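Starting off, we have a lone chain in the form predicted alone, written out as structure tokens.
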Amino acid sequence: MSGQSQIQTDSQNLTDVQGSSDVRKVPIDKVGVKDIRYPIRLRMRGGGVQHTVATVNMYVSLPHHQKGTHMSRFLEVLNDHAQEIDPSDVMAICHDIKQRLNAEDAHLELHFPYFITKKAPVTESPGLMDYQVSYECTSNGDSDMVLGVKVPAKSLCPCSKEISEYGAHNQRCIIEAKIRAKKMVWIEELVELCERAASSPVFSVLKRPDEKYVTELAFDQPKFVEDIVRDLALMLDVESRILWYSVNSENYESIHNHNAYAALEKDKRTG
């Protein structure tokens, strides 16, 4: 008998503890593996491909009668999809998890940095901006995928501008948008919508003319945290590809020892 055949025979003779029954009869919503670092490949709106590294979480639901899940099978599914994952593969991987582990529900999450080259507003000096992006998928007879982005931006307080003889306090904010869409929405598109909802975008490279422009732009577009999420919601409302969204903004206050926060969610399919 060959060495490989002997290994297969030995494996078949080993007790499957995870597959045994459990007398407690308590179902588990999610069980699986977390924080896998894995390379992914992303198509960019302007053409070309971007390579980055994702943190991957993979789960299934576990019925009340089964003691445990087979953890190694999650990695086997991931490795079946080659060394790099394309976003078009994400839902297929989630379906494969469900099938391979014979589960009612499967969940797949990818979190990764995505880089966009942005030119400064006046001098057009180029610089790379990084954004935190996520895909969250569920397979349970239906297919569900949520795209999320976290976008740094700038906000300026309308109240401070109104009551001050000169100047106004301003801060950086992190705007988060998650969407379900019936057609593809580029990461770049969602980032741009978030930036438009703020008092001003932020940039990695700013010369003095650019800094003057950004400062004055924010001063001319003061936004409360409430304004940011409302303005973003209105833009997402008129985007016909988007079926559902959840948005929030956390503004890192410059004159308070706390942050300001606002969030809202809407399912356009139900009005």
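Numbers for residues come from their place in the sequence shown, where the first is 1. From a predicted model like this one, the values you see are computed outputs, not experimental measurements.
What comes next is about the form predicted in complex with another copy of the chain, which does not appear here.
In the predicted bound form, every residue of the candidate spot (P39, R172 and V225) has a heavy atom lying within 4.5 Å of another copy of the chain.
When contacts are judged by a 4.5 Å heavy atom cut-off, L236 does not count as touching another copy of the chain in the predicted bound form. Although the partner is absent here, F203 is a contact residue: one of its heavy atoms lies within 4.5 angstroms of another copy of the chain in the predicted bound form.
At least one heavy atom of F219 is located within 4.5 Å of another copy of the chain in the predicted bound form. In the predicted bound form, another copy of the chain lies within 4.5 Å of some heavy atom of E265. Checking S72, S143, Q99, S88 against another copy of the chain in the predicted bound form, a heavy atom within 4.5 Å turns up for just one residue: S72.
Listed stretches are 176 to 184, 135 to 143, 90 to 98, 158 to 166; the contact stretch with another copy of the chain in the predicted bound form is 158 to 166, by a heavy atom cutoff of 4.5 Å.
Using a 4.5 Å cut-off on any heavy atom, the residues of 41 to 64 that reach another copy of the chain in the predicted bound form are, in sequence order, H51, T52, V53, Y59, L62, P63, H64.
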